[in-house]
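Single chain ahead, by itself, as structure tokens, in the form predicted on its own.
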Amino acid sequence: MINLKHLRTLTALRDTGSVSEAAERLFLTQSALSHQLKELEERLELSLFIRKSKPLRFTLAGKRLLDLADDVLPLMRGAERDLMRLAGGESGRLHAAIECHSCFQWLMPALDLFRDNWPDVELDLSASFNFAPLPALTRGDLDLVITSDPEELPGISFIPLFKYELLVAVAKHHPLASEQYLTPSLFSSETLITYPVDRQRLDIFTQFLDPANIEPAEIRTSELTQMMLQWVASGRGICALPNWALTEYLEKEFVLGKRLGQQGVWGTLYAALRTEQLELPYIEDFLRTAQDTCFNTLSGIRAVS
């Protein structure tokens, strides 16, 4: 009557708070997910959550199934992992590099969990802020690159992890604080604070300013997200960061977040790997662990359809 599909659906619904976002995460249409829930409720002759409630509220029956999901789904993941080990592929190497300073927020917990589950896999992590990691991946010097800039490279696959919106952080009393959204021309008189990487690796340039042929009045750099936001809060510039990297600072009203254009600017974060490695059991498990950690840790991200 109740299967793993139902438990995963209810967990996604709890984690996202909406049917549409849960469907997106599970790679289903909204109507397919709604039909699945309705069918389960009809079988059980019980309602599982309260429609049109904000935030979403589960009934006692729904909460009981969520408790079951929290018990069963981790056990299933553990059993699948054990079967992968029995099939071979317990040991190996995962040398990773990241192109995103803010990625440490979710990547470190994912790597810690992965290290516990695959102790015989040699694990190493470096920040690729001062070198080009994709050629190193192609050569075999690296096994994984976290990047938002996919390229067509022979033998390299880019696995989408999640979509994020780029937001601009401004001080609460900054003149831009009253703007509903920002246009490129507004940047021509601003100091833009960025990470110290090539501008071709920064979405604020490639997706927003460069197409409009706009240059900021000044560019300052810092390797530390916290330092960048301290400068923003003190009125010494503005900076563009992924929405999930700003969540903590926005909730504390340390700064304000502004959308880029009416529709916003969205990017996708990828895991780049050599295609030949995709079927390695520990690689498959790392990708699932990374995606689970992202959605359990970060706010404002979306699944990639």
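Throughout, we count residues from 1 along the sequence that is shown. Quick caveat: nothing in here was measured; it's all calculated off a predicted structure.
Not on display, but discussed next: the form predicted together with the DNA.
Proximity to the DNA in the model of the complex, defined as a heavy atom within 4.5 Å, holds among R64, R236, H35, K252 only for H35. Of the candidate stretches 64-72, 244-252, 48-56, 264-272, only 48-56 contains residues with a heavy atom within 4.5 Å of the DNA in the model of the complex. Within 4.5 Å of the DNA in the model of the complex, a heavy atom is found for all three of K5, F27 and S31.
Taking the partner from elsewhere, V19 is found to have a heavy atom lying within 4.5 Å of the DNA in the model of the complex.
In the model of the complex, no residue of 246-262 lies within 4.5 Å of the DNA by any heavy atom.
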